[in-house]
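Here's a solo chain for you in structure tokens, the form predicted on its own.
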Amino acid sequence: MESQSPPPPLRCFSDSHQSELFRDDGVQTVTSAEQRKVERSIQDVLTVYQQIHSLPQPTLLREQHYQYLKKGLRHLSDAYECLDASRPWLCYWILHSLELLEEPVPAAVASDVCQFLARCQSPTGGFAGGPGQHAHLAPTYAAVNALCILGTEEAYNVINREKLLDFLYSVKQPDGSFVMHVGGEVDVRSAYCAASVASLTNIITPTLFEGTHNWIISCQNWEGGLGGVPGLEAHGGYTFCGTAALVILGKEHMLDLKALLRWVTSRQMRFEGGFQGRCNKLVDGCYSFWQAGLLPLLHRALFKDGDMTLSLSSWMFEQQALQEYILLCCQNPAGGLLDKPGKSRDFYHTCYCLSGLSVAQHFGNKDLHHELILGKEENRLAPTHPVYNICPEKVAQAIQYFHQLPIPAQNGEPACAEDQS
């Protein structure tokens, strides 16, 4: 029997790791003090871990995460009262985390989730944050994603596509942007939520996204990333939303891709290994997806643009460093994942830390697939689709199902059944 080769050495325990610590050039600010505090807390975690493990090999606490998620699908503590207007999000965060862990959802629970989300659907179309609330693009995105993850006939049938299209038109603005809800705020998240649900459910009409790509492109600023609206500071969440929406609309080549690449790769923290959301901010586990998830989109866009220098085996960020940050610094021993050491676990960070871990583990697609799994093989998560952030086979299944149905008629336009994917 062959002897197994030793695992690759961890970057965070190498002699050179200390040289990546932040230097303030002798000028202390509130920001630099906070940065040093975070680095100290991470150093403490790493030191304790190294003292306990003679051969450090990070472990994904699968069973603990599964128990935490399973409980959350049935019962939430009072601490979640503040998220009463985000209940479809809780369904999505938990279901997506479970699919990444490849843990099946019992049929009875899946059916209960479908019935709950049906109660969140507004009579005028779209989904609300809870039963009886107003329709809003964010929970609409979360509800459609959750139903596509379940992927049953019952789940698909919850979505009233005709009314959903009416709702999308009701929040569409003349300049191509979307408001989050009737009378609500405009930002680039809304364009992504609209493009995501419309493309998954096959309700894109010729006029629905008229002008949308130009409005999103105007959100790219001098830094290279995208702000929430034109003129704002570049931000990881908004940059992901804008770029993913342009990928759906087939217009990502209109961005300054090189400037965007420069901005996003500069957001991976030298010492921590995780990502920050904006320049000069602290590391946060959720940006493991919002920032690292951009790299597959950029890779594909640059490839389509004819860039011959791209790797055929890795994304353009330090995949091992991100995995080390998530596995060593973002896991709660009792299950669930978190922003950074010292913070509490929650379902949002559990979803996006696991999503980022999946992106860092899997390169490519079906035709060209390369894996980099830090630690044991049991750490391997299912791949996630970088545009929708649900598993690729669930995206394919939903698109196949809904593209058999005609696109609903709207504003005097005839219904048409041809594929507009």
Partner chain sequence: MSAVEEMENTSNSVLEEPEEEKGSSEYVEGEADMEEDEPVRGGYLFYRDRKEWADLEPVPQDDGPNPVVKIAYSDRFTDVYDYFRALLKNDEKSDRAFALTAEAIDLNAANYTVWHYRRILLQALEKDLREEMIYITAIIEDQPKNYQVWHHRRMVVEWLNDPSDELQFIAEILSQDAKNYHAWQHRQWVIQEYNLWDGELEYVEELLEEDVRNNSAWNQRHYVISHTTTYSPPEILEREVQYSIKQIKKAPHNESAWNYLKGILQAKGLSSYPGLLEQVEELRETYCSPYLLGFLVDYYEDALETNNNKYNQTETLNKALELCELLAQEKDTIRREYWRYVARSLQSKYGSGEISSPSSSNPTPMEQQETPSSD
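This one's a predicted model, so the numbers in the text were calculated from it and none came from an experiment. Numbering follows the first chain given and starts at 1.
What follows is about the form predicted together with its partner chain, which we do not show.
Undergrad: Exactly one residue in Phe240, Trp315, Phe209, Tyr141 has a non-hydrogen atom within 4.5 Å of its partner chain in the predicted complex; which is it?
TA: So the residue touching its partner chain in the predicted complex, by this definition, is Trp315.
Undergrad: Is every one of Val45, Ile52 and Tyr192 within 4.5 Å of its partner chain in the predicted complex, counting heavy atoms?
TA: No, none of Val45, Ile52 and Tyr192 comes within 4.5 Å of its partner chain in the predicted complex.
Undergrad: Arg345: heavy atom within 4.5 Å of its partner chain in the predicted complex?
TA: Arg345: contacts its partner chain in the predicted complex.
Undergrad: Is Pro58 close to its partner chain in the predicted complex, meaning a heavy atom pair under 4.5 Å apart or at it?
TA: No, Pro58 is distant from the partner.
Undergrad: Since only the chain is shown here, I'm wondering whether Gly231 would be in contact with its partner chain in the predicted complex (any heavy atom pair within 4.5 Å).
TA: Yes, Gly231 sits close enough to its partner chain in the predicted complex that at least one of its heavy atoms falls within 4.5 Å.
Undergrad: Would Asp166 show up as a contact with its partner chain in the predicted complex if we use heavy atoms at 4.5 Å?
TA: Answer no; every heavy atom of Asp166 is more than 4.5 Å from its partner chain in the predicted complex.
Undergrad: Within 4.5 angstroms, counting heavy atoms, which one of the listed stretches 141-149, 154-162, 122-130, 170-178 is next to its partner chain in the predicted complex?
TA: Going by heavy atoms within 4.5 Å, the stretch is 122-130.
Undergrad: Across 198-228, which residues bring a heavy atom to within 4.5 Å of its partner chain in the predicted complex?
TA: Those in contact are Ser199, Asn221, Trp222, Glu223, Gly227, Gly228.
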